[in-house]
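In structure tokens, one chain follows: the form predicted alone.
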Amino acid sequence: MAIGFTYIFRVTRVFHIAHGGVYVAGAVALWWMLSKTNNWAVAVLFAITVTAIMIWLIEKAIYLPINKRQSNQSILLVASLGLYVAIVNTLALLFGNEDKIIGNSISGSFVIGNIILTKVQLIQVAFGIIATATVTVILKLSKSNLTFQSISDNESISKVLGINTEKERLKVFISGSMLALIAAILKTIEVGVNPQSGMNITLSASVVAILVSRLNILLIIAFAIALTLLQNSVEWFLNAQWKDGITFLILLLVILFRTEGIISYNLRKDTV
């Protein structure tokens, strides 16, 4: 989630709160198709299709037109928040607010000293590592990371240099959303999903995105692991209710002390 959110934010300048809605929509699509067909391959393919179509529509119908009008990022932030609310409420209206649980036979656990790991958690770790490594290799071999970094630094100059920024924007939105879908599936097989599941994880990802000023996957992973350890330490020593509170506190402190903030404004220069 952190990798996808960070790349989308840094490349497109969209503080993509709707990322949480896409996360939930993908998980619900998987759950719905799995309940109809009981076929994992079909359900995963359906979830990928739904996620790709959704983010394509969001970019083409909402974000890109606003960007072409050279509106400041506050407009995009409000639009993204509105999209998140619309997606979540639509899912709640269609499928209800209760948790959607995927019945599976993945049970059992492994004990390593005082640590107990379930098979589902081991699957999460394995697929998380595979997904992250795959994205890293693809970015390196295709040199897409250089292109994304160029657009992140200056979109106008990137256009002058011949980079198709619209194509690259769509590419980063889709790839970031696919990473969100992987996270959603891995989380859903463990605890299920409900329409509100996407907000907390998106806020955590947004903290990492603000802290990381460059498109560096290893740095994103390091910040994400550090934040996760902090959240779980708070839950362990204090109370589970403080877990989300510490995320909001860190987000507030980051916004206060990082002078560039999360949005920028286009200032008009008057001619003399």
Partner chain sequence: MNYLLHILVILEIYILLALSANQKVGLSGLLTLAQAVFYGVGAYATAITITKFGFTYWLALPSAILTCMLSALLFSFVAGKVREFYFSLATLALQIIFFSVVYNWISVTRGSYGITGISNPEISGLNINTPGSFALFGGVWVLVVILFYVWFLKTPLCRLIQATRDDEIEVLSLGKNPKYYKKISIILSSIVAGIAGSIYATYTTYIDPTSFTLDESILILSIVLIGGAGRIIGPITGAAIYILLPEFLKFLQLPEGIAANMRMILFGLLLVLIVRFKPKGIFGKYLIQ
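Residue numbers count along the first chain shown, from 1. All values reported here derive from a predicted model rather than from experimental measurement.
This next part talks about the form predicted together with its partner chain, which is not shown.
Heavy atoms of A61 reach within 4.5 Å of its partner chain in the predicted bound form, making it an interface residue. Its partner chain is not shown here, but in the predicted bound form it comes within 4.5 Å of a heavy atom of Q73.
Taking the partner from the other structure, its partner chain in the predicted bound form has a heavy atom within 4.5 Å of a heavy atom of N89. With a 4.5 Å cutoff on heavy atoms, I210 counts as touching its partner chain in the predicted bound form.
From the list 215-223, 39-47, 22-30, 199-207, the contact stretch for its partner chain in the predicted bound form under a 4.5 Å heavy atom rule is 199-207. Interface residue among V125, V111, V85, V160 relative to its partner chain in the predicted bound form, by the heavy atom within 4.5 Å criterion: V85. Of the residues M178, L186, L81, L170, just one reaches its partner chain in the predicted bound form with a heavy atom at 4.5 Å or closer; this is L81. Residues are counted as partner-facing when one of their heavy atoms sits within 4.5 Å of its partner chain in the predicted bound form; in 1-33 these are F9, R10, F15, in sequence order.
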